[in-house]
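In the form predicted alone, a lone chain appears below as structure tokens.
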Amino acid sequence: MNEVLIKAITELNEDKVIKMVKSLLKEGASSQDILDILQEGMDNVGNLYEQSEYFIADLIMAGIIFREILNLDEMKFDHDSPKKKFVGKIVLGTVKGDLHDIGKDIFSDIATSAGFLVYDLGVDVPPEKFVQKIIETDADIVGMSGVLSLAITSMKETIDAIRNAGLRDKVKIIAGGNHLTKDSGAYIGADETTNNATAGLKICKKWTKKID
């Protein structure tokens, strides 16, 4: 059934995806299980976009489907243990020069559902705005997103600005985007890189447990 669901997501079959997810939840699947399957489908959509078989409208549609699933009551993370406080604070934004927001928005949604307080700065965010928000919120984590190759330079400039402001040791930094590798992550100075929103969430959860 998992393969069928992945195929439905890849084909952007909204009604089928929602119906199948509800069925899996009734059968006892966890929200994390569902997210892992959804992410595989989203990865397929991203690959089709890179191959010019899908267009920006298809990416937007995939994001809409993802959000609809996240909004199901059964998909709330840690549903049986309501949080008395936020598990961590994340300053999030797409870096200067990049206007893509789908991956960022999905990460924001699942991180919020998991109990994080997310300060979303939007897109085309200059380094100084990240720095200002870190100071203002006393954030634990900075999440930077970027799809374009130029985003790597902007990410490095942002992390340099955070370091120059004396804040680098106070925050963990995760960078997300399809072009990022371990080597580029080391170049820009991030603690972790990912091209997978759910994997990024797991990293942030691990960090906040250490902070606590």
Partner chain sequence: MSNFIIACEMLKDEVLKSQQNTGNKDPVKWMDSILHMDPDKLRADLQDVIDGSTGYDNLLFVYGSCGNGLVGLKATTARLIVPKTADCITMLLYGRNDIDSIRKDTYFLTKGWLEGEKNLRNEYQHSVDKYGEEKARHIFKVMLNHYRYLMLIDSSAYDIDEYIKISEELAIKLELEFMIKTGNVTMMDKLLQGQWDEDFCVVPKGGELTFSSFGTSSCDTILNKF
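Numbering follows the first chain given and starts at 1. For clarity, a rigid core is taken as the largest C-alpha set superposing within 1.5 Å between two forms. It should be emphasised that the depicted structure is a prediction, and the values quoted were computed from it without experimental measurement.
There is another form of this protein, the form predicted in complex with the partner chain, and it is not shown here; the text below is about that form.
The contact residue chosen from 18, 12, 203, 24 relative to the partner chain in the predicted complex is 12, the criterion being a non-hydrogen atom within 4.5 angstroms. Under a 4.5 angstroms non-hydrogen atom cutoff, the partner chain in the predicted complex has residue 179 among its neighbouring residues. Contact check for residue 117: every heavy atom lies farther than 4.5 Å from the partner chain in the predicted complex. At the 4.5 Å threshold, heavy atoms of residue 99 reach the partner chain in the predicted complex. Remark: residue 32 does not count among the residues lining the partner chain in the predicted complex, judged by a heavy atom distance of 4.5 Å or less. Contacts to the partner chain in the predicted complex (heavy atom within 4.5 Å) from stretch 22-50: 49, 50. With a cut-off of 2 Å and the rigid core superposed, residue 195 has a Cα displacement that falls short of the cut-off between the shown form and the other one.
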